[in-house]
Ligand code: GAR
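Only one chain comes next, encoded as structure tokens, the form predicted on its own.
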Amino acid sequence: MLKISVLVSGGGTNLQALIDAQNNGILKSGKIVQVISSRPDAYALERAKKFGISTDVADFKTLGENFENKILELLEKFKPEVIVLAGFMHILSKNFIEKSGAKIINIHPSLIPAFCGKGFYGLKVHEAVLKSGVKITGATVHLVNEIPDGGEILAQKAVKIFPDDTPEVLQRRVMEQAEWIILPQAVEKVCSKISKIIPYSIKYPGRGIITGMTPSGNIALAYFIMGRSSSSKARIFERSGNELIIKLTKQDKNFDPSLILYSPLRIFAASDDRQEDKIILTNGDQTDTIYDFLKDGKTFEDALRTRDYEPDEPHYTPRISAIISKSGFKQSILKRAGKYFFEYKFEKGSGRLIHTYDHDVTKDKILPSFSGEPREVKISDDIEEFSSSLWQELGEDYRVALYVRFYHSDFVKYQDRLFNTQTL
């Protein structure tokens, strides 16, 4: 599920419409995780608190030139994939839009391209509409770009104007008959279309692990690899019994394959009936370390505490790992900043994604490591749909291989899908 941050400045009626839509199941592909107000006294903050939504303030009056930087700093707490401007009375710069790494959606109280652009906001829009003598107005939801009200239109709805309308009366009618209806619909449309598994802002996640459960209660896993160099791209996944190995389609004589050839998936058989098997899934040779430690009666954590991140300066790629049993799963990431472990019970229809790299390459061309808790993702019952969608999201430029496995209820039989960009 995508994370949504809402920027507000006033009463928050459009925020309330989004909250209601979320509670009523209209907004189902995204979740409001944060509300940021440009005014400390905005009633929208109270609306958010009532529903347990995290609130922050970036006071426009006191921050001045640091206003946008403060908002970007606050957004870092949740790293939303979608930002909604709901009665947010400030124009955002091109720099902000690019740095946010999110789709930004705005609601405007007119039928764009009429009565829009710089200077048209709040009651000023409705005053201009009534002064012009037009018979129809309405509202528009659009994506935000560097041109005020100039982004791609997502939805519009017309509203009638009556002879005795005042700006205040017209404003209320436009909200009730247009804004509160089309804003949640448009936000859901955007959330459902943009990356459902890999966050929209991440162009090169590197290697990734997904572990979780389908809506019908079957344990699911996925592992993918991406590559930028010719050597990294010259790899394929191959089944080896009920495990997975990586092979090279070609090999450069001067290339050390130690970091790209390993067993991503191994099964630790805890008993003859295999009901207590443990599935080990990693992005490196720590697969074997974990397996050996389990054989000695030690733990997943014991094994990984003996390992570190990869020695591929300057990136220092993290080592990501997971272990799955019938009762739940654990994930881990070993990076320069420390060693982190996460433990989860299964939730039907939900999983966790952890990957090596976060966001885009930095200015000095270093790949930044994944940060925070593994991302919550949806897992469907349809392995074909899930695996094909994930493969498409990885993109043609860098995707190398993908393996997906859905277990049956016995945690022994399974169905799987394997994708390789290259072949032997």
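In this text, residue numbers run from 1 along the sequence as written. All of these numbers come straight from a predicted model, not from anything done at the bench.
FYI, the form predicted in complex with the ligand isn't displayed, but the following is about it.
Novice: Tell me, out of Phe88, Phe237, Phe329, Tyr223, which residue has a non-hydrogen atom within 4.5 angstroms of the ligand in the predicted complex.
Specialist: Filtering the options by heavy-atom distance leaves Phe88.
Novice: Identify, from the list Tyr291, Phe120, Tyr204, Tyr316, the residue with a heavy atom within 4.5 Å of the ligand in the predicted complex.
Specialist: Here the answer is residue option Phe120.
Novice: Using a 4.5 angstroms cut-off on non-hydrogen atoms, would Ile112 count as touching the ligand in the predicted complex?
Specialist: Taking the distances in the predicted complex, the answer for Ile112 is no, it never comes within 4.5 Å of the ligand.
Novice: Evaluate Glu179 for contact with the ligand in the predicted complex, applying a 4.5 angstroms cut-off between non-hydrogen atoms, and reply yes or no.
Specialist: Heavy-atom contact with the ligand at 4.5 Å: present for Glu179.
Novice: With a 4.5 Å heavy atom cut-off, would you call Gln171 a contact of the ligand in the predicted complex?
Specialist: Although the ligand is absent here, Gln171 would touch it in the predicted complex, with heavy atoms inside 4.5 Å.
Novice: Mark Met175 yes when one of its heavy atoms lies within 4.5 Å of a heavy atom of the ligand in the predicted complex, and no otherwise.
Specialist: Although the ligand is absent here, Met175 would touch it in the predicted complex, with heavy atoms inside 4.5 Å.
Novice: Which of these stretches, 229-237, 120-128, 319-327, 69-77, has heavy atoms within 4.5 Å of the ligand in the predicted complex?
Specialist: Among the candidates, contact is made by 120-128.
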